[in-house]
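Only one chain is included here, represented as structure tokens and corresponding to the form predicted on its own.
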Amino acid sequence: MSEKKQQVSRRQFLNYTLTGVGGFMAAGMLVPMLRMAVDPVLQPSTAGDYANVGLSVDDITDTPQRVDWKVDQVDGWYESKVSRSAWVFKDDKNEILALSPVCTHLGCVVSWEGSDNYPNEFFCPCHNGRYEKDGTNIPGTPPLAPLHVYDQKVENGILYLGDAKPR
């Protein structure tokens, strides 16, 4: 048995070296891009958080009143304050009901008693959509689903609203 060592030529050595250095350089360029794509996905979600809408429970009546508030929204690395709205009132059982003002037909904004022809109803001006006071859609009008309802909680007499969810 002969023990001959495999000689590496100068050309092979340079080829191996340049391939290794090129691989490290490519990895150095790809890792930050990969991190930028994956990192926001790994951040904890703030969905389901409740926001103080600045309304005392004692100020809520049986007539719907519009409440506006702002929430912090994070999109990747961009942080902004987003406006939200709700129609808040007490129902027949004296329970607080917070309805989304977004029409379930095409996303227009509904208003309470928005039409003289339909008093005591939520009215969508885009396609004459109508909802009962409890947010259920009136048959024969464009909306096919009731208004969404906000998750809610009361702490120290102040109303907190979460996300709007379909019924």
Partner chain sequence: MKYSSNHMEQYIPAKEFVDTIIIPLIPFHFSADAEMKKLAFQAEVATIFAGEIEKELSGRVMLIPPYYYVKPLEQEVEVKRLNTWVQNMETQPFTNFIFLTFDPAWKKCEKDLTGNLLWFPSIQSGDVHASETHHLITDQVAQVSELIRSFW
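Residue numbers count along the first chain shown, from 1. Nothing here was measured: the structure is a model prediction, and the numbers come from that model.
The following text describes the form predicted together with its partner chain, which does not appear among the structures shown.
Enquirer: Can C126 be called a contact residue for its partner chain in the predicted bound form at 4.5 Å between heavy atoms?
Expert: It does: once its partner chain is placed as it appears in the predicted bound form, C126 has a heavy atom within 4.5 Å of it.
Enquirer: Would L106 show up as a contact with its partner chain in the predicted bound form if we use heavy atoms at 4.5 Å?
Expert: L106 belongs to the contact set for its partner chain.
Enquirer: Is the gap between R35 and its partner chain in the predicted bound form 4.5 Å or less for some heavy atom pair?
Expert: Looking in the predicted bound form, residue contacts with its partner chain do not include R35, since no heavy atom lies within 4.5 Å.
Enquirer: Which of these stretches, 130-138, 26-34, 52-60, 98-106, has heavy atoms within 4.5 Å of its partner chain in the predicted bound form?
Expert: Within 4.5 Å of the partner lies stretch 98-106.
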